[in-house]
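Take a look at this one chain, the form predicted on its own, written out in structure tokens.
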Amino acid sequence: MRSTLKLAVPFAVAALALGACGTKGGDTTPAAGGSGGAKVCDQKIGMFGALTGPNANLGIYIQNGVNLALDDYNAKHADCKVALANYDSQGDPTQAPALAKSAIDDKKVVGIVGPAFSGESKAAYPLFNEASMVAITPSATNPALADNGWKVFFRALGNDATQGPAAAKYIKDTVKSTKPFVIDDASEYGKGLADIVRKDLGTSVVGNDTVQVKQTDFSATVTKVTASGADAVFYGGYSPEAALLIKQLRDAGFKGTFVVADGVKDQSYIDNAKAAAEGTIITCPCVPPDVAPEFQKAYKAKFKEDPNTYSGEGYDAATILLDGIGEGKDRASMLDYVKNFDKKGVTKQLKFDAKGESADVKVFAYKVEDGKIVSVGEIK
């Protein structure tokens, strides 16, 4: 396991003088030209992701982290608080452009935490880029997102170019599979990740298949898996389909290991798959709760449970934006601030490369044991 990180960012924020907030009231629109000088009060940060729908839990876990960061900031800046604007995408890329426009049109919104998923990120970032609206995704992992030349794109975690090889390595070295089968859900995220796993597993792959988001009958895929003699299945996709797929695989007699990624790291997977979920391996570029014990304690005090998938990354992404607001940055001046950000967060050292990728990347493995998702360590 990686060494414990201390909760450094919030205390850095605490050092900012309350007097820097400026005068409350009056014109709350960020100053034209984005000088980043006088602090403007009544600003907002946005949270963009699924808050309702079948994948809502992942968005809510992020939102919880964002809300905790806001609590921390606002407690120390009581006369100049920052509010949260929620943009509920339901995980649907077709809704993303309108939501992005809504965020852009609200001149009080300084920056965005999100979008949460890769498909909606692909649809929303062109608009954010045109408007010079910084967006820090805490969870969208498709590597191609960083290759579009979007100056406002930042990713607070590793992408699937790291997670895919880590998953393949785990399948080969820990699961010791010699006959893996790879399935994807045809989504921007799922197919992109599965294709990387396919490439890294190479000639050992005994079969491939593609299913669809919202599909419920996987009998054709199950037949292919059982006929192939596969001893492991990797699935690139999200929790709702993964739960049905593993149930149908187990019902058909599949005894091998089921391996999934961060899109399935959600309690709803266990609730829906029930006993069939036992033994599932989950990879994720997200840190276990005990990596940041002070954050874990604060999160549990507020939400009565441990931090979940991307809660810490959501907190870190929000804290970067809030730190900028605390230093007088507005929407226009936030870009340069984030590009040069370099501080310790709760999940990692928060620093970005020239493409907006996280400069500190690790991938962890988790396992479903006794109806819970438990960490089994970093995949080196």
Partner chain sequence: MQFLIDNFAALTVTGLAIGAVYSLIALGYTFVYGVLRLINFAHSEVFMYGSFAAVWVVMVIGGHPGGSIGQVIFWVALMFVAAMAMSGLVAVLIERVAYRPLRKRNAPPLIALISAIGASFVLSETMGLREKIAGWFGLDDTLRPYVNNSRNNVPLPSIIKPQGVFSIQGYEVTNVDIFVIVGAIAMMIMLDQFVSRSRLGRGIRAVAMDPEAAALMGVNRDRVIRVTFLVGGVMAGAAAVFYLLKIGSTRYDVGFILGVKAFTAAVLGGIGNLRGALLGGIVLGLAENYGSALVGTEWKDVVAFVLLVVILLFRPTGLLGESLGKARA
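Numbering follows the first chain given and starts at 1. Predicted, not measured: the structure shown is a model, and the values here were computed from it.
FYI, the form predicted together with its partner chain isn't displayed, but the following is about it.
Trainee: So, a 4.5 angstroms cut-off on heavy atom distances: do all three of Lys179, Val205 and Thr257 pass it with respect to its partner chain in the predicted bound form?
Mentor: So, no: the whole triplet misses its partner chain.
Trainee: So which stretch, 78-86, 158-166, 216-224, 142-150, is the one near its partner chain in the predicted bound form (non-hydrogen atoms, 4.5 Å)?
Mentor: That would be 216-224.
Trainee: Given that its partner chain is left out here, which of Lys101, Lys274, Lys199, Lys297 has a heavy atom within 4.5 Å of it in the predicted bound form?
Mentor: Here the answer is residue option Lys274.
Trainee: Quick check on this chain: which one of Asn129, Ser187, Asn308, Gln248 has a heavy atom within 4.5 Å of its partner chain in the predicted bound form?
Mentor: Result of the distance check: Gln248.
Trainee: Using the partner position in the predicted bound form, report whether Pro240 sits within 4.5 Å of its partner chain, counting heavy atoms only.
Mentor: Pro240 belongs to the contact set for its partner chain.
Trainee: Is Thr210 a contact residue for its partner chain in the predicted bound form, using a 4.5 Å heavy atom cut-off?
Mentor: Yes, Thr210 sits close enough to its partner chain in the predicted bound form that at least one of its heavy atoms falls within 4.5 Å.
Trainee: Looking at the partner-bound form in the predicted bound form, is Leu244 within 4.5 Å of its partner chain by any heavy atom?
Mentor: Yes, Leu244 sits close enough to its partner chain in the predicted bound form that at least one of its heavy atoms falls within 4.5 Å.
Trainee: Can you name the residues of 310-347 that have a heavy atom within 4.5 Å of its partner chain in the predicted bound form?
Mentor: Going through 310-347 in order - heavy atoms within 4.5 Å of its partner chain in the predicted bound form - there are no hits.
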